[in-house]
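Here's a solo chain for you in structure tokens, the form predicted on its own.
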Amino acid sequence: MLEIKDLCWSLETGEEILKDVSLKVPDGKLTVVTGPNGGGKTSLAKLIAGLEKPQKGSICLDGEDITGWDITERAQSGIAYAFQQPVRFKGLNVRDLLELAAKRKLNEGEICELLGRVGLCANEYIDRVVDASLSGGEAKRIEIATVLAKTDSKVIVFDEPEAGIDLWSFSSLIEAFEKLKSDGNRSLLIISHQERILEISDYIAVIAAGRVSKFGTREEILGGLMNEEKAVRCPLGKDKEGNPNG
């Protein structure tokens, strides 16, 4: 289990982004972290991955304090992270990257399956170099495929995986998440606003103004979130165009 206790993190300017955040990510479940923009969701993901260090609090994996570990140590311990803005690797092609992630040679069928999960044709991408020639959406999907290739991961963190993904590929991505979820041996933590991702979650955490404002099962949280969104879109006493009604 991944457990976050009283986590605080501020920008170099002193602005507080996360304020005493505590959260448990259950084993073998899909937990979605959502909330308004600027609430601290991506900052939390970076702290879990080891890209940033907290000023206070702790991060524990299976009871072991990993707060002081760097990103490499965390990856070796079983934490996989998909960046919101994918990293480019000049000189590496897609096959190389997938095999590095899997830590072994992959046959054509395995590569085809991994790329197919994120809506890419292996014949077109297997030898593509992972550099600036790829569009943002292509790079995003390839990065997610590398995360899926890491079969020894205990916790997989996806930071807004839907960004730059077209509708057809997004459907493939949902299927990939559902398959990972059905495996039951890895915890998924997804930063997302997407209703379809929220709908397949087991747990939902809402972060607003740097704090966890809500946490519970999908059944406990999702309905209230949807009602709040509707209220924002169509305030009481007004129609959808903002004109007074009734």
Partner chain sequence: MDKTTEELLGIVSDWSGKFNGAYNIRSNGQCAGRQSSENILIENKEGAPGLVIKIKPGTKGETVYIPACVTKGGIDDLVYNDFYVGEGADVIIVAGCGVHTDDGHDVRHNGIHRFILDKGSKVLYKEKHIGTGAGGGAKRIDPVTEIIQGEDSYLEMDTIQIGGVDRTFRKTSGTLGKGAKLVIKERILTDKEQRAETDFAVELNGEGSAADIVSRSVARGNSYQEYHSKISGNAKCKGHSECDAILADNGKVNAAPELFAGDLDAELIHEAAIGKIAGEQIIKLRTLGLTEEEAEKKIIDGFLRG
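Residue numbers count along the first chain shown, from 1. What you see is a predicted model, and the numbers here were worked out from it, not measured in a lab.
What comes next is about the form predicted together with its partner chain, which does not appear here.
Quiz prompt | its partner chain contact in the predicted bound form: T146, any heavy atom under 4.5 Å | solution = It does: once its partner chain is placed as it appears in the predicted bound form, T146 has a heavy atom within 4.5 Å of it.
Quiz item: in the predicted bound form, does D70 have a heavy atom within 4.5 Å of its partner chain?
Solution: Because a heavy atom of D70 falls inside 4.5 Å of its partner chain in the predicted bound form, the answer is yes.
Quiz item: Any of the heavy atoms of K154 lying within 4.5 Å of its partner chain in the predicted bound form?
Solution: Heavy-atom contact with its partner chain at 4.5 Å: absent for K154.
Quiz item: Quick one: does N93 come within 4.5 Å of its partner chain in the predicted bound form, counting heavy atoms only?
Solution: N93 belongs to the contact set for its partner chain.
Quiz item: Tell me which of 132-140, 98-106, 159-167, 113-121 has residues with heavy atoms within 4.5 angstroms of its partner chain in the predicted bound form?
Solution: Of the stretches listed, the one contacting the partner is 98-106.
Exercise. Look at the candidate spot formed by K41, A209 and R218 and say whether its partner chain comes within 4.5 Å of a heavy atom in all three of them in the predicted bound form.
Key: No, the whole trio is out of contact, none within 4.5 Å by any heavy atom.
Quiz item: Who in 186-211 is close to its partner chain in the predicted bound form, meaning a heavy atom within 4.5 Å?
Solution: Not one residue comes within 4.5 Å of the partner.
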